[in-house]
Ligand SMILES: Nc1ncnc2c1ncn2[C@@H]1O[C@H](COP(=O)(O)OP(=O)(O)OP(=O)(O)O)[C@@H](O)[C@H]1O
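Quick setup: one chain, the form predicted on its own, written in structure tokens, and binding and motion questions come after.
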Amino acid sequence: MYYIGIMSGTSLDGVDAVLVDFSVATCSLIGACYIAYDVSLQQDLLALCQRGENELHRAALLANKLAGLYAQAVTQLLEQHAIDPEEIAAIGCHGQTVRHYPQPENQYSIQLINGALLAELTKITTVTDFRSRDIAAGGQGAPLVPAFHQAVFSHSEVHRLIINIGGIANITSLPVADEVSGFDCGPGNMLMDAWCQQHTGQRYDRDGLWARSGKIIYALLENLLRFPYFSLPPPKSTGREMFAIDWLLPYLTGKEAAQDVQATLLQLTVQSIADAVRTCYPTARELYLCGGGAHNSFLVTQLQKQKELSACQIKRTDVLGIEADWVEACAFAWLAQQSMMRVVGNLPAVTGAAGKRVLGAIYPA
């Protein structure tokens, strides 16, 4: 019952890979590894998030390159734990999202991954393309991880929230009796990372130290929060198409101190999460953080100060048995298992699909 899960998020920072065992518990994490994207790969992927010349050719080459990088992560996991490829039931690989358009009139989502090549390189059955079946059924194809959250983090007596702060921040509600729900709150680390890299040369603001040195520009924050996405009712999902750095620039006068903008962007992430909880899940009593943003100590401190969250204990998913960095990769190992067993993987209440569907395309070893 060994599975490998691979996730590359909208932060475009690298590859998370996990080795899990589903035979001894709901999800037992055996090992994990991370491979960072080099700058050229990051820039090539970022360029594909927008229209450009010769897109099909560039996308195909990058899908092949990613398959090689994913295979490298698989090899690293197997060697670290002395496990043969034949012992792995399947790889679940999300791929790298380069376009996500959930609007009903033009609904599609593109994740770069050559699943056939990954299966060939690893000699392991590979499951990819998890979003398409949900989209074909009228859903948005995202977020997909709430079904996994339900399987591993639900509590019979406590209303819990799981908040993943990756490039985009998304929330999962796990009530005691009612239906599981969830949606993308808005930008997580994406805008902060882009602004930080542009002004400091660093890929991200470690522990929020740069944001901590600035002051929130409240007029700017209020203007950003008026953006229509934040008031849209769920189901809803978003991505770099909506919240790239180009979205921010028209709101700026050019006279703002860079660290003050960073402080404001951090507060935008915090406030959009708090508003989502206040609006949709005021009865929640426990809140668990995962994703890279869970390590931003200043962001977490600001979340703890929000009156909308005062009734919630805020901790990392580590205390529930899965470290914050690896939750999403574990989710795609789990979704691969669901696909291999022909078991439903989506939650229509989350994605808006017409019904429950088995997700994923399988490339046999």
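Residue indices: 1-based, along the sequence shown. Here the structure is a predicted model, which means the values were calculated and not measured.
Just so you know, the form predicted in complex with this ligand exists too; it's not on screen, but the next bit is about it.
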Q. Of the options 207, 241, 178, 256, which one has a non-hydrogen atom that comes within 4.5 Å of this ligand in the predicted complex?
A. 207
Q: Could you tell me which one of 236, 133, 159, 295 places a heavy atom within 4.5 Å of this ligand in the predicted complex?
A: 295
(Q) Looking at 43 to 51, 336 to 344, 295 to 303, 58 to 66, which stretch has residues with any non-hydrogen atom within 4.5 Å of this ligand in the predicted complex? (A) 295 to 303
Q. Should residue 193 be counted as a contact of this ligand in the predicted complex, where contact means heavy atoms within 4.5 Å?
A. yes
Q. Is residue 174 close enough to touch this ligand in the predicted complex, meaning at least one heavy atom pair within 4.5 Å?
A. no
Q. Just to confirm, residue 186 within 4.5 Å of this ligand in the predicted complex by heavy atoms?
A. no
Q: State yes or no: in the predicted complex, is some non-hydrogen atom of residue 165 no more than 4.5 angstroms from a non-hydrogen atom of this ligand?
A: yes
